[in-house]
Ligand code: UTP
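Let's start with one chain on its own, the form predicted on its own, as structure tokens.
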Amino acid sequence: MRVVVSIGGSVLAPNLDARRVEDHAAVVETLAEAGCDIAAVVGGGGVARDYIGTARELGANEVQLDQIGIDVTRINARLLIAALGPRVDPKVARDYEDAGDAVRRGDVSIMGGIMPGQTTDAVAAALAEYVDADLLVYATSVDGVYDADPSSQDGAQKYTQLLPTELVDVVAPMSRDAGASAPVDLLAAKLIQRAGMRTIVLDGADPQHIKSAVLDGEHNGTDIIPPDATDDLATWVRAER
């Protein structure tokens, strides 16, 4: 099974905690040892937001701000590479071809951001489509997709399953708000819809959630299920493996 995992910067490195990075690296290695072709895309998180906020005060334009954020994602990617063993490509992939080449030769590929105007959410979705991934996993700071921001609205309801078209409809209004609170951004949702890709959005604070979802089809997040899918996730995972 070919898997792309998007690990939010706020999940991997909310602070410089080597043990947290090691725990995520151990899960990536476990998936590789279980026979998965795997790539991970790492976000920037709070550190990126801090740098971007400071740069904005200094007068940087939006493209420059995006470039700063990309730099931070690549630093976070290097942290994950440092914690991985010999299976990993030792360089941060700079584009989809680099990452795809690494995955196809059996290496674990790690990416950060690529270009201004594109979040790592979208990078992960585009990479998954590029390498014909069977499964895309978003390890986020929330435990799934909600109909509103659960951090600010007590009555927010979590979806256990969504069609890709429904995901687009849910995240579109969230993505338009200032300080967007969508668990994945609108471009990523549209790429998932275009590819008809099986996707999971889950709480990545405990990396074991990623392992359970990929290897056993068990998680407490949200399944994004293509319209032609006939099996439940656990049955599908067993068949793919």
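From a predicted model like this one, the values you see are computed outputs, not experimental measurements. Residue positions are given as counts along the sequence shown, with the first one as 1.
Separately, the form predicted together with the ligand exists; it is not shown, and the next lines address it.
> Within 4.5 Å of the ligand in the model of the complex, heavy atoms considered, which of C36, V27, I52, L191?
Only one option qualifies, and that one is I52.
> Just to be sure I understand the contacts: of L162, V108, I114, V170, which is the one whose heavy atoms reach within 4.5 angstroms of the ligand in the model of the complex?
If I apply the 4.5 Å criterion carefully, the residue I get is I114.
> Pick the stretch from 28 to 36, 191 to 199, 206 to 214, 41 to 49 whose residues have a heavy atom within 4.5 Å of the ligand in the model of the complex.
Contact-bearing stretch, as computed: 41 to 49.
> Would L186 count as a contact of the ligand in the model of the complex, using a 4.5 angstroms cut-off between non-hydrogen atoms?
L186 lies outside the contact set for the ligand.
> Hey, in the model of the complex, does V123 get a heavy atom within 4.5 angstroms of the ligand?
V123: contacts the ligand in the model of the complex.
> Spell out, yes or no, whether the shortest heavy atom distance between G221 and the ligand in the model of the complex is within 4.5 Å.
Although the ligand is absent here, G221 would stay clear of it in the model of the complex, with no heavy atoms inside 4.5 Å.
> Listed by sequence position, which residues of 68 to 100 have a non-hydrogen atom within 4.5 angstroms of the ligand in the model of the complex?
In sequence order, G69, I70, T73 come within 4.5 Å of the partner.
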